[in-house]
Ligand code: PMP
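Starting off, we have a lone chain in the form predicted on its own, written out as structure tokens.
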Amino acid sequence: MGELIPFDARDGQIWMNGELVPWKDARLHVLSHGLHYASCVFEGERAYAGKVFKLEEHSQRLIDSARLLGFEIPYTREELDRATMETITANGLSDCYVRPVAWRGSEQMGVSAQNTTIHVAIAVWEWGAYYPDLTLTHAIFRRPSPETAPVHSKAAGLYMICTLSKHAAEAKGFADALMLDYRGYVAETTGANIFLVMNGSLHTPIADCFLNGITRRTVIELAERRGIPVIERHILPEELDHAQEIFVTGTAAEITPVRAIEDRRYQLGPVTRDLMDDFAALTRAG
């Protein structure tokens, strides 16, 4: 395995506030509000053969996430789309991961910071499989209620409990953690939506307190094209015993089968395999 290159020491170009800058020069001040108070939103996207999958939807979600956090991104969706493609081209990549991020700057330091500059950056890099082998344990935190957090924003602050839960899972020898929601129902992993295959049907949690992922919605459409019934409902943890297949979805995860949830074991079955093939074909379609 090669030496891990820190992200702040890589070569390339990052689009930042309207222009491409050398990777190592893409900096923010230590007193940026986004760092101290989590006034920051981001996206995760993938390019396949030089084309970003669902780019317009991702750019719009970044704008919508910022609005849920009370600030306006100073670029249109079309401008973000063009900047994304410009960044991919400048880095000479074809298949890559894309990370747009927007945050409040350093003009004010305190809980209130309505007069801060909104900064936007877009970085791209090569990134293979997010989960080489997916085993799950139960998370140490739950997904919060919509009454306690802006749960439909891809907000950086909401990922604190994900990082802590994933670290705790890794310490136990698992790849990730399965999060319940505030009511005790199955929600998602720390970075992906989840689907259960039960007697030929797909069951997935209602996205009422976590992101209704773009890949999640795509997989539902692919399943419906195949005539596979899709049931969005509240799922109790004990129902994991009755699933024949389980997989997760997300931009980073794509479609990844779950091999185990603690002592439960699952096989890569025909429904998951077919959807993986369909998704691969769709992302590579001209």
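Note that the structure is predicted; figures quoted are calculated from it, not measured. So that there is no doubt, residue numbering starts at 1 and follows the sequence shown.
Below, we turn to the form predicted in complex with the named molecule, even though it does not appear here.
Checked against the named molecule in the predicted complex, the candidates Ser59, Thr249, Ser65, Ser39 yield a single residue with a heavy atom inside 4.5 Å, and that residue is Thr249. The contact with the named molecule in the predicted complex, taken as any heavy atom within 4.5 Å, belongs to Ile214 out of Ile214, Val120, Ala83, Ala175.
A residue is said to contact a partner when one of its heavy atoms sits within 4.5 Å of a partner heavy atom; Pro205 fails this definition for the named molecule in the predicted complex, lying far away.
Shown alone here, Lys154 lies within 4.5 Å of the named molecule in the predicted complex, counting heavy atoms only. Although the partner is absent from this view, Ala139 stays clear of the named molecule in the predicted complex, with no non-hydrogen atom inside 4.5 angstroms. Taking non-hydrogen atoms only, Gly191 approaches the named molecule to within 4.5 angstroms in the predicted complex. Across the options 154 to 162, 71 to 79, 197 to 205, 167 to 175, residues that bring heavy atoms within 4.5 Å of the named molecule in the predicted complex belong to 154 to 162.
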